[in-house]
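Below you'll find only one chain, the form predicted on its own, shown as structure tokens.
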């Protein structure tokens, strides 16, 4: 099989490209504006250095069995609406048109739990979307574009995966946009008390990147279209995250609490995974302790090099 992975040097894209190369030929695309080339150190396929807004797809790819679209602006603090929609929405529509032109009938794309905003929990795919920022809005627009495309092309399988709070190897380039798990790890690795908002009981549905890759592989086998949550269904508080980090790092650092200055802050995310389990047959393999233990072992090995 032949696969195209956009955003292939990012957190999810790189892990996905490395896994897919075990199953066929992979074309990795990234403009390296956010992703990091070293994330693909073990990648053996072709690399296309290009911007998804104007990439010359035909030059590199005249046939394809599946496209995994991970490229996007993921920084939720970006306020330039035109830029956000150009990269996240318009480029996606362009990719759908290209997929149709070469008869690639399987497209899996990255959506986000940001489509729910500060909605009720657990968050279900059938809930009304209520994005709280332009990043979330862009993902809603992508889902709408996919739905319209499938309506016109019912023989295509276009699947949106609403990623919840992803963490894992390959996110160091994201800096302030990296997961709280990575940021807390850095503080604790430096011997500092981890700093979190009072009183650490806010919670997130943290999902390990290896499980996210697993969800993409399940989507590859799914022959219909739709939108699916990709979380664990078991949210964890920041206090619990620190507890798991202490255990994995063999430390005993206590949280340092401070006031939350953000009125728009999302206090909780929690994926309802019933639809993903029933339809995609996706069952996460990494709980918070198992995921953090694996991640810490990777980070320690990297530090020793």
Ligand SMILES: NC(=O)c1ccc[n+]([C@@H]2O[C@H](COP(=O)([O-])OP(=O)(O)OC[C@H]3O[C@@H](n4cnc5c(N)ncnc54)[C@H](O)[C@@H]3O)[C@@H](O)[C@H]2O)c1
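It should be emphasised that the depicted structure is a prediction, and the values quoted were computed from it without experimental measurement. Residue numbers count along the first chain shown, from 1.
Keep in mind that the form predicted in complex with the ligand is missing from the display, and what follows is about it.
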| query | finding |
| --- | --- |
| Segment assignment from 166-174, 145-153, 182-190, 218-226: heavy atom within 4.5 Å of the ligand in the predicted bound form | 166-174 |
| Site test, 204, 257 and 259 vs the ligand in the predicted bound form, non-hydrogen atom cutoff 4.5 Å | no |
| In the predicted bound form, the one of 34, 65, 279, 272 near the ligand [non-hydrogen atom within 4.5 angstroms] | 34 |
| Selected contact from 61, 253, 50, 249, since only one has a non-hydrogen atom within 4.5 angstroms of the ligand in the predicted bound form | 50 |
| Residue contact check: residue 16 to the ligand in the predicted bound form, 4.5 Å heavy atom | no |
| 4.5 Å heavy atom contact, residue 208 to the ligand in the predicted bound form | no |
| Contact test in the predicted bound form: residue 29 vs the ligand, heavy atoms, 4.5 Å | yes |
| In the predicted bound form, residue 232 touching the ligand (heavy atom, 4.5 Å) | no |
| The ligand in the predicted bound form - contacting residues of 4-19, heavy atom within 4.5 Å | 7, 9, 10, 11, 12, 13 |
